[in-house]
Structures are given as structure tokens and as C-alpha cells.
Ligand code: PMP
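A single chain, nothing else alongside it, follows as C-alpha cells in the form predicted alone.
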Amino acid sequence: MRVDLQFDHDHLWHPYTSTLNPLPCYPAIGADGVYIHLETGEALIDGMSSWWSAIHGYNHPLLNSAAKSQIDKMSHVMFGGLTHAPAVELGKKLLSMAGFDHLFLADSGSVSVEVALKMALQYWHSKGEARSKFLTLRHGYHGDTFAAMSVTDPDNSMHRLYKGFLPEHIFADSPQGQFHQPWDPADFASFRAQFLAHHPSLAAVILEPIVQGAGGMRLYHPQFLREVRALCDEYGVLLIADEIATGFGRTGKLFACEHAGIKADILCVGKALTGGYMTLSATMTTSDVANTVCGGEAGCFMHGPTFMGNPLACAVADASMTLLQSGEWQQQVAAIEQSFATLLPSLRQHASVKDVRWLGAIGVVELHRPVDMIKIQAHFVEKGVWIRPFGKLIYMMPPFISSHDHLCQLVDAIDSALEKDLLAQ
């Protein structure tokens, strides 16, 4: 069956696009390894891991087997009053890998953030304290649902339209010092000042550790995280780490918090949890937080999605964790980082390039001007790659199985796009 592109154009809403003037869409009919196959015959090297999720590549035999085996048993049962082996086995692996005691399984990354924020609010309610504010960073991004939007930068993000409708929280300046630069203590001054001014009302600090993703692909110094953890410990404020984009090896550590040697009180994961097969997220926490939440007036945590603990998603996620536990990802990500270190600096020669940076399996080209999305996307497809820029950023988060040759083709496509100056006028 051919993809009806006209119906798609006329009726289907795609992420961050207009119904009045939709961006072109390319018809995908299959995917395997690092390739996305188009109906028009192109095989595109995927530089995005389908928005950072398909870390093992497409059509992985172990993940396929897990999905096929589970669907013949049951695709879904409610998690209220029932349990099942996929959820239990996934829980064992996740909690062991992350070092937490309790796990809440939800639908998507945004929902895991909602869960974490509600957890923090209910924690303080159970302790008899009315703490309702969150401290976070400018240029941060935590999702598209309402509570997640409220802790996303209200001025410099895609959600600024909703300013005034959302709960207002407290924002500190984002770190300016990059990951590989020497630490400058002045970089922490704004956060410290906001924390000390507002800590009695803070339910938690929430941030993306090491990498601020959709807010600008900013890679910041690990010492910033250590300073945050120390302040939270000193004043008894909860720390929520949003590792939806960074978790499961993307930065070269299993979790980005490991770069700083710190542990959050609540940890959100998603995206790569199922290896990109289907939507699933998890919010993990300590016994202290969980038991305090459940020891209050409500007697339980007041959240329960319909598809919580979906057996099909849990079975695939369990298989994905098995692949990660083999440790092969460490060599794969290190090799990708080395390739980026070799390939990306040459792009600085272009006058349109403001900066290039990389960490683990993340490569970023920051421009002085936004790209022309229609022209640059067509160029990438013509060059046999799939890269989806946003704004002034052309970035890559390829599957961990990507070879040096694959990365060369991705970077060459960016180089030729910059040579043609496919930027907004």
C-alpha cells in the first residue's frame, strides 16, 4: 500500500508544523540497522535515532523477538490490581542499573516529568509543608504537557506562547561554561542566588543533567551538577534529574549524572527505554521519597495512567536493558565520540558556523542563522541521510551501531549543506 501523501498533507498534523503550510513529509516504508527506507527508493542513514530513541538501530532481532513473543501472550492488561513478568523483570534491571528503590511506569517522557513533579509536591504535602515551586534552568526543556511546560524556559523555548497560562516557577541562568572547558565558579552564581532566595518554598530542583537538549543542545560542566546536589543536600530540597534524552549511554555514561558522580532523588527516563520501539517511560525514586509520599493524607501516590506498565512495551524495554547490560554500548559510544572529534572541527571553516561540540554519541553544529528547513531536509535526503535540524542547530544523535563511515556520510552531508548556505534568509 502506497503512502497517501495528499491525505497526509491535508489532514495529518506533524510535530511543530502548521496545517496552513505543512512542511513536506517523506514516506517511510521500513527501517533496519541504521537505515530508514523511503517509498521512493532512498535508504537514509539515520542521524537522529528517531528523536534519540532507537539506540540499538532498527529491526533488532532481540527486540523484535521480545515483541513477537509477548504479543502472543497479551498486549495489555491494566496495572491496577494486576502485575506481570515483563514489568517485574524490567523493574529489576532498571532499579539495579540506576540505583533506586521504587519505580513508576508511565506512557511518555513528558508524563514521567509530570509524575516526578507530582511526587515532589505530594512529598512535601505529606510532611505538612506547602511547597509548590520548582527551580530550574533557562534554556531547559522537559516536555509538552502542562506541568512539564511550566518548568521549561518560558522565554526562550517553543512554549513561550503559553506564558501566563502556566504555573510560574523560578528560573536560573543556564550554565555558560562548556563540558570540556575549565570550571568557572561564577557560572553557578545565578543558580545559587535563586536557590537561596527561594529554598523555603521549593518542592524540588529539576534539570537536564549535562546536556540541555531541545533548549539548545548545550553541554555544560559536571561541576555545576555537583554544586546543585550540594545545595539541595544542605537545605533538604529534592533534586529531579530529567534523563529522558541523556539516559542509557547517550553521553558516554549510562546516566549523565554519572559524569558528576551524583545521584538525584527522582530520576525520569524515556525515549531509549524501549530502544525506540514504542512509548514507555519510568520515574524512579528512593524509599525515603516513596514512603513519605505514601505516608501522607492520601495514603498512596495519586497517579495511574491507563497504559501504565503495558506488557508489550515492558517486554521490549526489558530486552533493550539486556542489550545495555552486555556493555557493548560503551565501546560503540566511545567510537562515535572519537569520530565526532575527528570530523566535526573541520566544519568551523564555514562562516555560518558559530560553534561545534560533541559528547558521547551527540554531535552539534550551531549556526548564526536558522536553517531553511524545506531546502536543507531535501538536501539531506538527496545525500542519503536523515538529519532533522531545528532553528540554528544541526545536530546528530545516531544509533549506537553507527560506523565511522556512516558518521562520515552524515558530516559530509552537513558540510555540503553549509557550502550551499541552505539557511533562512
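Numbers for residues come from their place in the sequence shown, where the first is 1. None of the values given here were measured: they were computed from a predicted structure.
Absent from the display: the form predicted together with this ligand. The rest refers to it.
Stretch-level contact check against this ligand in the predicted complex with heavy atoms at 4.5 Å: of 309-317, 241-249, 344-352, 221-229, the positive one is 241-249. With the partner omitted here, the residue from F191, Y277, F255, Y141 that has a non-hydrogen atom within 4.5 angstroms of this ligand in the predicted complex is Y141. When this ligand is considered in the predicted complex, only one residue from S110, Q122, S339, T136 comes within 4.5 Å through any heavy atom, namely S110. Contacts to this ligand in the predicted complex (heavy atom within 4.5 Å) from stretch 259-281: K271 only.
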